[in-house]
Structure formats: C-alpha cells, structure tokens
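Look below for two forms of one protein chain, each set out as structure tokens: first structure 1, then structure 2.
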Structure 1
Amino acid sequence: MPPRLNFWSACRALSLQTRVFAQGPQPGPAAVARGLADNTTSRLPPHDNSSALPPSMLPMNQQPTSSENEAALNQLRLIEYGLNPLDPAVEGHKYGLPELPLPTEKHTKHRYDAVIHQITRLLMRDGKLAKAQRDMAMILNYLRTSPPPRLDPSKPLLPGAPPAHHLPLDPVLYLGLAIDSVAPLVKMRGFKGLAGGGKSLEVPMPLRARQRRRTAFLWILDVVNRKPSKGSGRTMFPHRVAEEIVAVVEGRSSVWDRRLQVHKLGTANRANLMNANIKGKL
C-alpha cells in the first residue's frame, strides 16, 4: 500500500538529506606535539632566543670573537699541547724554523761532496756541466764495481785510510783518497832576476787543500790524455780516468814520480826562502 502523501511526510523526506557541517577550530601546536610525542623532531618553528641575551651570557662557542681573541685562544691551545706559544720557531710557521747554521748537505749549491764538486768542474769542457756530471757518475760506478785494489807498500796512501777491500764500498772516499794521496804539498814559484845573471829564483810555496787536489787531478788528466784510446763511445773517457785512479791507488801510475820530483825540487830549494830579496814578496 503506497505511503500517504501529505505535508508531514514531505518534511520527513527533506530532513534525511545530508548537509555540510561547519569545521571546528584547528588544534594548536601544543596539541599536535602531544599527539606526536613519539616523534623525536618537533614541528614547532625554530625560535632563537640567543639574540635577546647579552654577549657575556652566551656560550663560549657562540660568543663573537675578534682577531685578538682568536690569537689568545690559539696560544691557549698551544699551551694545552705543551708548546711555547711565544716561540719564534712556531709562530707563523707550519713546520717551524730550521736550526742555524744549516748543515752542508742542506744547501742546494753545496749538496755534493767537496771533492766531487771540484773534480766535476775540472772534467767540464765548453761549459757542459751535465756531460761532466754524467762522466763523474760513470767514474764512481766503475770504482764501485771494480775489485779491491792491491796496495803497494812503497807508495802508501794517506794515514788512516781504510783497508783495500773497503774502498769499493764507498767510491767517493775511493776517489778522494787517491787524489789526496798523490797531491803535492808545495809548488815552485820563480822570481825573475833574483838569482843573478837574469836567472829566476825558485822558491817552494805551500798549497791549500783545493790547490793540491786541482794539481793532482790535472796530472791524472794529463796521463789519461797521453794514453792511446781503446775505442770510441761516451764511456771511454770516464773509464780511462777511473782506470788511472785505480792505478794511482795501486802505485802503478806515473803521477807518483811527478809528485816525488816536485817534493825533491822543493827540498833542494828551501834555502831560497831565506833570501833577503824575496822577504817582502812572499
């Protein structure tokens, strides 16, 4: 049986329609924070209250520092590490200042042995220092790989020289010992017209260490240049010089006779040192 249509049934039908309800107020930040208490990060906007505090109440890492304060703090850190903050070797230097005077091997121009440096310059021709250094390296390598020399008791080396089987272990010492052992102690200097009849007066003069080594090595080069070449190549000249060095140590070189001749001449003319004409010229 169909429902009866009247005014009241029509009102009941209209009352069943849905309508939008007005939204209530949104929960505040505190309510959201309470609802998300298990969350470690807060959704509240960051708020910096440090700007409202005076500088004296701020933490040490947030206080404004000047250049003087930074320098003072750095000095405190150095004291904490056990260093002297006023040490001039530490101030302004990452690795500190070197100790003075510098050792010889620390200088760029004096990093080589004194004998090697001088002999290399004597080997140089036409300003070709690189070639002279290469020849010196070949000479030292020859001395290093050669068998121990057989020493001659009649022509001894310098006092305090190491045993013969130790010389190839140190080629720099090998070369220096050979040159210093055959180096002359004096040279003959002539004074013209003082011997009478226009003759020169020969007077022995002492030599310094560098002069002695220069004279000895020039004698060795003279012997090497007079020997016939065994072939061609960039290694022939250094090998001939090294062979002559070995001959000097073994007493087979003619440089020994030249040294003995100079010493005999100096001994024979040592009385000329008392000549009255040369007293003011020495």
Structure 2
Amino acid sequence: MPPRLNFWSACRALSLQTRVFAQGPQPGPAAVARGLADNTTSRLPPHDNSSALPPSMLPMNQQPTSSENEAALNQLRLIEYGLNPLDPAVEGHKYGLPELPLPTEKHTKHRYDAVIHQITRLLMRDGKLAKAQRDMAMILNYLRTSPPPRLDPSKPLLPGAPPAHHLPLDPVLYLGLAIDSVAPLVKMRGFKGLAGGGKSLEVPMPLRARQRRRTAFLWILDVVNRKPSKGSGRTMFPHRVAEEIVAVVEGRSSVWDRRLQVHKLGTANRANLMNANIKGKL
C-alpha cells in the first residue's frame, strides 16, 4: 500500500541543512548563470511560523553572502520583471554557442557526406581507413582539377543535375552524381528450384539507396581494377578511380552497359513476381 500523501510525510522526506557547509570553491560565472546551483543551503519558499514546524526544521534567514550572489539575485530580479539578463550566446563563450540542432557534419561519425562516407569504406582494403580517406581526398582533388565533363545526351545523368561546368568546383556532388546516375534500380534474386527443372526463379527486387550506390561503386571498382595504371606512387589508384568517374559522367564507361543489362533482366523477369510459389516469400 502506498504511503499516504499528506503535508507531514512530505516534510519528513525533506532533509534540511540548517548550517552553511565549509566554503566551497568560488562560483564561476557559469555557476552564477545557472542560478546558484552550487549554493549548498537548500531554499524553501518563505512561510510563516504558524505552520507549527519545530524550530530545528525552520530554514535560516538567507542573506546574500558574496558579490556573485548579489549579482545572481539581481539577475533573478530582472527575470522577475520579464527581462532576460542572461544571453548564453554571449556570456562566457568566446565564439558563442553552436546553433541547435547541430548540423550533421558537426558530428564526429557523420562529418562527411553520406555518399563519401560509404564509398570511402568501399575503397578500404585491409582495414586501412586512413589510407582510404587519403585516396578519397585525392579522387576529389582529381575531379576538381580535371576539365569539366562533356556530357553524353544518350546517357543522361539524374534529373536536376547542375550543368557540367559546375561540377568540378563541387567534387562531392560530382562523385555522388556519377554514382547515383549509374546505380541500378533492381537486383535479381534467385529462388532455388522454383522455376521447374531445378532452375532458380529470378525475381527482380528493388534496392535501397545505399544498396544501389554500393552496387554501382563495386562495378566501377571492377572496371578500375582491370585498367592499366599510367603513373606510379600513391596517386596511382585514386587517379584511376577518378578517371573512371569522369568516364561515367561522360557516358564512356562500360558500367552503363552493365546497368542496362540488369534493368533488361529485371523487366524481362518481372512476371515472376506473380509466381504462386514465391507468394509470401518476398
């Protein structure tokens, strides 16, 4: 049974410290701003002695003890009048407070663009993330120093893409656009033995954005790994990747054919979605 809630039980639950503790460290401006949070004495609303509390439980008469307290009390008075004495963007911060909510690039784990983040990890070999990041920086650097791409109208980029001469100055967009443009929409999923005669039933499945990008970039990496490299040294691999990215945007890359092939297969097999055997398995 819960204890009865009345005034006396509430008073018993209170622990009052009537004496001032030993002097702590001087409250800093932040502490003052918090409204005397480090004042060690508890404060109760003033009440008259008619409540018949025992004298030991009566709070001591509170006097401002220091200039900080005085300042804080003045601020409280200002608050009472409806003014705001504390502007946290000004008070105690050299460069002000950041605006909330924090933009995603301020977060350690999301500081890079989503596409860049994903693709850097796809570039990574043997767990060497820092090397992959350096490679990615070199790829972006190559993209912004190479001449603007000559777009191929038969291999259109995503709708809403900026004109070609805008791309080199925004290499992140350039890379993302290339990858999103060749990304396939579907993949084929094989259901074993459902097509009759031991053959698997190929059913097109839609891909999520991350999956699409992954597939597209793995195709690009396939092409890159088959290409001979021109230079030597640490820029060798990133420059090959970047050349392939430019080839994709210019419509010269064989990745486009691969995408087309997958889409053809997808449209050819879309009837299999209605197959009775896979009902409930998707």
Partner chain sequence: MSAPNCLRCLLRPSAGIPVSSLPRSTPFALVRAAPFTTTTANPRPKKEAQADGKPKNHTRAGKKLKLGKFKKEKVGDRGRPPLPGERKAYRKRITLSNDNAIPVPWLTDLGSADLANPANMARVMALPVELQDQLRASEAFKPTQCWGMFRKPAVLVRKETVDLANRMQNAVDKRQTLRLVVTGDKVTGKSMMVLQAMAHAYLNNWVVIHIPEAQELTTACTEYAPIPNTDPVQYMQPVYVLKLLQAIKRANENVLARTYTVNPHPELSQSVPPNTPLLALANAAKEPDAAWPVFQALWSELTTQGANRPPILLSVDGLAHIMKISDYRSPAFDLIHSHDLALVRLFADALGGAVQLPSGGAVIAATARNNAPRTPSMELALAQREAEQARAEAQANGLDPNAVEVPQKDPFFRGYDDRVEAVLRSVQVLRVRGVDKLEARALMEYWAASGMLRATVDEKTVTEKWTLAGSGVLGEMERAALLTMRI
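Predicted model only: the values in this text are computed from it and were never measured. If you superpose the two forms and keep the largest set of C-alpha atoms that fall within 1.5 Å, you have the rigid core. Just so we're on the same page, residue numbers count up from 1 along structure 1's sequence.
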remark   = Which block is the form predicted alone? Structure 1
ask   = Fitting the rigid core first, would the Cα of Pro148 be found 2 Å or more away between the two structures?
value = no
Per-residue C-alpha change between the two structures, Pro206, threshold 2 Å, rigid core fit = no
Residue shift check between the two structures, rigid core fit, Leu102 Cα at least 2 Å = yes
